[in-house]
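For reference, the chain that follows is the form predicted alone, supplied as structure tokens.
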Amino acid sequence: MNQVAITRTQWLPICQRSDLVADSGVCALVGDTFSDSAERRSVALFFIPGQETQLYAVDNWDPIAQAGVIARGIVAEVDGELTVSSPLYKHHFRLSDGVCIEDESIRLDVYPAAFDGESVCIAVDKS
């Protein structure tokens, strides 16, 4: 008998639209603040009005600098792709898939993000 893992996507409200800064990043803590810290994560949200995709959510942890700074990065277009550059070592991560332009073996986790009225939500898989 074959076993199939079934996951359900849960949308978590993490902030309000008014908390976002156009063409820039903000940081939000996702997860239960009363549980083990491994259950919490810092997410960088980027609101780019006027684009086909206006809202991006990526991990705030910079794997090269080993610091939670991605939300402070500068948003720019590199080779036709929207990116955020790390404020420490200036490497670029694509907002669409989290891949580092300078070293494709390095990537940020990416989360589906959406507006629900005035709430900003990200999707996480729950088993």
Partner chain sequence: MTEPRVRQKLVVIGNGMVGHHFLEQLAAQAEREAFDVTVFAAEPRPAYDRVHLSEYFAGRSADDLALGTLEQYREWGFDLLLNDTAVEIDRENRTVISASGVARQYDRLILATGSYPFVPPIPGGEHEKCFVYRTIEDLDAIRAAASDARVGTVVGGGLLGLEAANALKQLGLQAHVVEFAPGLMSMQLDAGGAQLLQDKIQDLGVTVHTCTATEMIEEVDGRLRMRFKGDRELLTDLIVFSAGIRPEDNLARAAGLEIGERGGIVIDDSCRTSDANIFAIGECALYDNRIFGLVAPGYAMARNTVAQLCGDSASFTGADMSTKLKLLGVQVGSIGDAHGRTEGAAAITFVDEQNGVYKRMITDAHGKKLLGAVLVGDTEDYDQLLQYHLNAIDLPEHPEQLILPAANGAAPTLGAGALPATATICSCHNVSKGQVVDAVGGGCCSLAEVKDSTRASTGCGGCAALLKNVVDEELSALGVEVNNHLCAHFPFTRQELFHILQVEEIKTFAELLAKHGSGRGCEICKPTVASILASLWNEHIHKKPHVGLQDTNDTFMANMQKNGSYSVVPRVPGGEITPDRLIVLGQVAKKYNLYTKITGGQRIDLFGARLEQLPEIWRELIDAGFETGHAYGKSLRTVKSCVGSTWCRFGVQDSVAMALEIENRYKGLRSPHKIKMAVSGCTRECAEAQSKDVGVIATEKGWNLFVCGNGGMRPRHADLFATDIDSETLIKYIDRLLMFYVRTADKLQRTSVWLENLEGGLDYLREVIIDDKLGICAELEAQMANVVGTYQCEWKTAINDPDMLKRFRQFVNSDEADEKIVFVEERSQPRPARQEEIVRIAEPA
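Quick caveat: nothing in here was measured; it's all calculated off a predicted structure. Numbering follows the first chain given and starts at 1.
What comes next is about the form predicted together with the partner chain, which does not appear here.
- Annotation: in the predicted bound form, residues V21, Q51 and S85 each come within 4.5 Å of the partner chain through at least one heavy atom.
- Among heavy atoms of C27, some come within 4.5 Å of the partner chain in the predicted bound form.
- When contacts are judged by a 4.5 Å heavy atom cut-off, G98 does not count as touching the partner chain in the predicted bound form.
- Residue contact with the partner chain in the predicted bound form: V110 places no heavy atom within 4.5 Å of it.
- Using a 4.5 Å cutoff between non-hydrogen atoms, I106 does not count as a contact of the partner chain in the predicted bound form.
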